[in-house]
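Form predicted alone, single chain, as structure tokens, below.
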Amino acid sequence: MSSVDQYAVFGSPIQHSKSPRIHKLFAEQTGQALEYRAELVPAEQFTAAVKAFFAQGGRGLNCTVPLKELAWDYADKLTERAELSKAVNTLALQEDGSILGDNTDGIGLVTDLRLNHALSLKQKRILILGAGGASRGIIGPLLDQQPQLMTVANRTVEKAVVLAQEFAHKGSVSACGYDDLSGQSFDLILNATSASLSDELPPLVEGLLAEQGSCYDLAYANKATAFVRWGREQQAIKSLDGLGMLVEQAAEAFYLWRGVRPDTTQLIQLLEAERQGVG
């Protein structure tokens, strides 16, 4: 067993993950001794892999696609935001040996939008594309910012309806299919679908983005995703991807594990500069 505290990210696919580098830089910045690695873990191997990781002295895990709902089931205890989202991206070993599940995606997104990009969410009209685990993780923290309204659009309308009902107590949130969006406009459109992974777009109608509106893709890549390109075509004042969210949610997980909050600004600038030099 290593004397250095062990952390990891599990997912499938995982080879593209920037998380090991991010946490290595966080550790260097804050003077923390730890090791962090990425492991390819398909859904059917998740439970066995997590048990083995913690049995071998692991201290904390990040879980990405397609494992967030499985991590929610696995945790012994849940934070309030994880309980609501029914999805967990961070597992942390507690002093009593139990495993705490948290979801840092939503707070990571809100921090990136508000602090890094100076986008106010209060009284804004927000559209979320997709009703899967990614959406579950962000709806609660977004509603905490008191938008005017929120709409969740999904190919399977029933799935969006269930999601909206679960969060209705936190604010004005409705559900619809993509075809039902005609004639509506929004100040912020968030892509929480997996379409960007194959460089595709959800079926979007024209006129969805309000004047001075912004677009945000929860996915990130070294080149502009299809959704980021769409946002630019719609004259968005900002059309962003999820690189900042990735760093901010990682910082929140790091704080949960180590009790130290790293500075994210320089790291985001570094990663942005690096990918500007790609291609």
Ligand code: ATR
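Everything quoted here is computed from the prediction, not taken from an experiment. Don't overthink the numbering: it's just position in the shown sequence, from 1.
Only in words, not in the display: the form predicted together with the named molecule, which the text now covers.
Stretch-level contact analysis of 113-121, 72-80, 154-162, 98-106 against the named molecule in the predicted complex, using heavy atoms and a 4.5 Å limit, identifies 154-162.
In summary, among the residues 139, 190, 131, 209, the only one with a non-hydrogen atom within 4.5 Å of the named molecule in the predicted complex is 131. Out of the listed residues 184, 174, 145, 194, 194 is the one that sits within 4.5 Å of the named molecule in the predicted complex by at least one heavy atom. Proximity of residue 201 to the named molecule in the predicted complex: non-hydrogen atoms within 4.5 Å are present.
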